[in-house]
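Here we start with a single chain on its own, the form predicted alone, put down as structure tokens.
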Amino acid sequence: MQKRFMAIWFRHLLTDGLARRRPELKDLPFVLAAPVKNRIVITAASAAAEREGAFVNMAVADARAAVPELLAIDDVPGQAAKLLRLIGLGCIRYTPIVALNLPDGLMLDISGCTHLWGGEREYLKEIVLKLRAAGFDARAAIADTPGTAWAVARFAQKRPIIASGAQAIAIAGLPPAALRLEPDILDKLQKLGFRNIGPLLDIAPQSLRRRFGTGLLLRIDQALGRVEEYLEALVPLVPYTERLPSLEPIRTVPGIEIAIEKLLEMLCLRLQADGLGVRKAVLKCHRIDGRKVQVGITTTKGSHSVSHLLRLFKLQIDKIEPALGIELFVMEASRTEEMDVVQEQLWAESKGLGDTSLAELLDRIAGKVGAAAIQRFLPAEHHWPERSIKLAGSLTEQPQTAWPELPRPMRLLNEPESIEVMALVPDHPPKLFVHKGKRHTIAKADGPERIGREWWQDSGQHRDYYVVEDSEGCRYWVFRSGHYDGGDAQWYLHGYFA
């Protein structure tokens, strides 16, 4: 496969990044500045500042003479690398190999990727438009070598996509600075009258080496593809990852199970040493046809038990399609949790929600019926009943407040449902009510319990709740909204008792 590279140049990287964080700067002329030899010098200028005459390496005092309203902001060292890394990690969706090209660019190895976007032109257009929509003034070029792609992105005026093998033609008309040369070499070339790269390509390498050293020859050879240029790819940080290559493609269920077990043994050994347990793990299977399939598991409580995690993954194996075979297995623990290491003893008393066997049982049930079918609720500090509960984030999460001491229904409706009520006295509990066409005669009633609205959230009527039991022995939680003598009081059903 022919190697292809894309170079992306951010003409105003630091100022564009700052304008994203501070939108009020977007249309203002501003610069970043730092002290250099007893002078405050511009290190980065926004597009608006450059249009009005403020440029990089200019003293801020001189720039303000040309642009009186110029805003100067202190430059923070290292911001370019951090910003490029964030952008580069976002570009991994387009290619797995993305490298930083400091101080203001990225280099992408796009070999074999562009057909997924309909070709190189659509690929380049997709990435550049995405970056510009995000607020970055970006240019890009594609060529066989990183050196040519870098040169065309920064110095060519048109044709950002260079045909395979046409590197020499593409860079011949560009200035020597397009070769990424050191300043002293550029000064020598300028004094000798070299305005373009083309004449340099016609000079014998021995003559160039005697006059300019090996640096110039290396850059020419890299641009033309005679010397391969190594890219150090960005890798998203996943602290707990294990890989298992296969000597032969794996296609059978037993083979996949063996691979999962070996990966879990390696992963859990590291997690146990760090006092952590798996809350979410992902198995990525790289097939020989170039495609990737993956399955994942989640646990109710952190676990580094190989047997337990293996049982969970076995429930997912039928979702893995090996096709012609799997050549690489990757296991990632994308979410972990600290675990309290306790000494185990036989015949110990029940640990309640802290019991590991309970957590493992819930995980097995969730693997069959889905994690959404299992929920645990905790009390929340709200008066309104429908707001007074919240979903627990884990099995061991402790409540921040106590449950109400008064009786509450086993089933609380998400939204109260309107009912028709008849009462002997307006402020008494109902003698009967009609809900969804069914008539319920009340035999017993208890209440009222008044619950007011939270004044800091909303305003409106209070509620008077009653626990009522009908003639069939069923108990309900009903309430009257507002005062009985207000003329607009409404009755609602809000829950069912067991």
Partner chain sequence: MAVANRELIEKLQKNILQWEGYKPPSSGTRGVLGLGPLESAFPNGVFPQHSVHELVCSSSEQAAASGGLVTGILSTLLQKGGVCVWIGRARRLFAPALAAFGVAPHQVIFISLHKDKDTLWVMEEALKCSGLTAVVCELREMDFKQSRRFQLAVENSRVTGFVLRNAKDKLSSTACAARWQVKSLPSTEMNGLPGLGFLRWQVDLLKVRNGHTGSWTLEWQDGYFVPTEEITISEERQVG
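By rigid core we mean the largest C-alpha set that fits within 1.5 Å across both forms. Numbering follows the first chain given and starts at 1. This structure is a prediction, so every number in the text was calculated from the model and none was measured.
There is another form of the same protein, the form predicted together with the partner chain; it is not shown, and what comes next is about it.
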If you check Pro96, Pro239, Pro404, Gly165 against the partner chain in the predicted bound form, which one has a heavy atom within 4.5 Å?
Pro404
The unique member of Val76, Met410, Leu86, Leu269 whose heavy atoms fall within 4.5 Å of the partner chain in the predicted bound form:
Met410
Please run the contact check for Ala204 against the partner chain in the predicted bound form: heavy atoms, 4.5 angstroms, yes or no?
no
Contact test in the predicted bound form: Val60 vs the partner chain, heavy atoms, 4.5 Å
no
If we define contact as a non-hydrogen atom of the residue within 4.5 angstroms of the partner, is Pro160 a contact of the partner chain in the predicted bound form?
no
Is Ala48 close enough to the partner chain in the predicted bound form to count, meaning some heavy atom within 4.5 Å?
no
Assert contact_stretch over 368-376, 174-182, 246-254, 329-337 against the partner chain in the predicted bound form, heavy atom within 4.5 Å, equals 368-376
Once the core is aligned, does Val434 move its Cα by at least 2 Å between this form and the one not shown?
yes
If the two forms are fitted on the core, does Glu397 show a Cα displacement reaching 2 angstroms between this form and the one not shown?
yes
With a threshold of 2 Å on the C-alpha, tell me if Gly370 counts as moved between this form and the one not shown once the core is superposed.
yes
